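Form predicted on its own, single chain, as structure tokens, below.
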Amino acid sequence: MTYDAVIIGGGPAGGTVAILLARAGWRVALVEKTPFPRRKVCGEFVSATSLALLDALGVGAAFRSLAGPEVREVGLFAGQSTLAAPMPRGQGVTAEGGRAVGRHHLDLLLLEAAREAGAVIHQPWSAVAVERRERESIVTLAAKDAREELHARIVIAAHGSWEPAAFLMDERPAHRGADLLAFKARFFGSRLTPGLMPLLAFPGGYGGMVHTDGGATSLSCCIRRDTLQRARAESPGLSAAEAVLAHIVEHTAGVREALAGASLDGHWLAAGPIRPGIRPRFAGGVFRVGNLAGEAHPIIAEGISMAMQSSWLLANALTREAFDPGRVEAAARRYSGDWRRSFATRIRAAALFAAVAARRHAPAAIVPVARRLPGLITLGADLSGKTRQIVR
């Protein structure tokens, strides 16, 4: 079972690169450990800058048929204030607004498109080891009591950053009070204004809300570990997720009003801690895409778009260079440089936004300025990458 590329992870990054390489004539295997459809901790928003890529992947029409309304405004819910400003539009970016859809829909759309493009899907299988040899890698898969080996010229890790993989040999830092833990839920019957995607700023964390598929509203957030511990101590008997929501509602009038009378869709999801930052895009003979290559604070709501766009950059570099095994290093250099030029600025901007928003007294400092200068909210969305057209 020999392939040109084995891709580990079937989310937006893995599905995108599988489609693009398979269409380029590569023999592709995609490995995903979880049966689909599945829900994920994710803000669900896909920026307008990625709509052209969804169309190129052949899933744009299906995405639009499922997704929530176009997002035309960005906002700020902080303390007792609710502010809104226009979503920025960049040169060359479609006039169409970005939209949100659950990962249980998006991931499945991309996986099926990869299958139709000719990729071989191994699901549910887990990649447990990668052994690099002179001209190929051997990827060991495991599922229940079975094992299998795949041989590949190139291995691409696309499984996200929250679940460590032994074959990457990445160190996991010890837990700290400042660690950010991620939570996400969907609600029916919210009063959030259609077309508005507000940033939520509350003591010890930040989050976002957006209308998504099926008439639901998605609320996703990150909260410091020590803040969560205090919130649970103040609300004995509540689960971690319930304590998080109580903390947000107490400190954010906009969320309190938007969720008044709303009902929870299913259950809360949690993950983390998140480790934002720029990481190697190629190491140990393994290419990395999505959050494994570099992760922005979710405050900018660009995670899905960055995952798919990074895969487009990698596929572009690989199809130019790496059919010749001796050109893998050249492809890695091209991809790494393209990636840094595309994403480094927004990752740094996201770190700054997150540091400000999560301060205990941030609402008192942010709101008066944003009220006098609402264009700052639009500027923040601009710096987050909402106008950066990478795929045309």
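Keep in mind that this is a model prediction, so the values were computed, not measured. When you see a residue number, it is the position in the sequence shown, counting from 1.
From this point on, the text means the form predicted in complex with a small molecule, which you will not see here.
At the 4.5 Å threshold, heavy atoms of Gly204 stay clear of the small molecule in the predicted complex, well away from it.
Taking non-hydrogen atoms only, Trp312 never approaches the small molecule to within 4.5 angstroms in the predicted complex. Contact annotation: Arg334 falls outside 4.5 Å of the small molecule in the predicted complex, judged by heavy atom distances. Among heavy atoms of Gly43, some come within 4.5 Å of the small molecule in the predicted complex. Of the stretches 259-267, 188-196, 234-242, 295-303, only 295-303 has residues with a heavy atom within 4.5 Å of the small molecule in the predicted complex. Using a 4.5 angstroms heavy atom cutoff to the small molecule in the predicted complex, none of Val71, Gly98 and Val255 count as contacting. In terms of contact with the small molecule in the predicted complex, the residue from Arg359, Arg38, Arg327, Arg341 that brings a heavy atom within 4.5 Å is Arg38. Checked against the small molecule in the predicted complex, the candidates His251, Arg153, Arg103, Arg224 yield a single residue with a heavy atom inside 4.5 Å, and that residue is Arg103.
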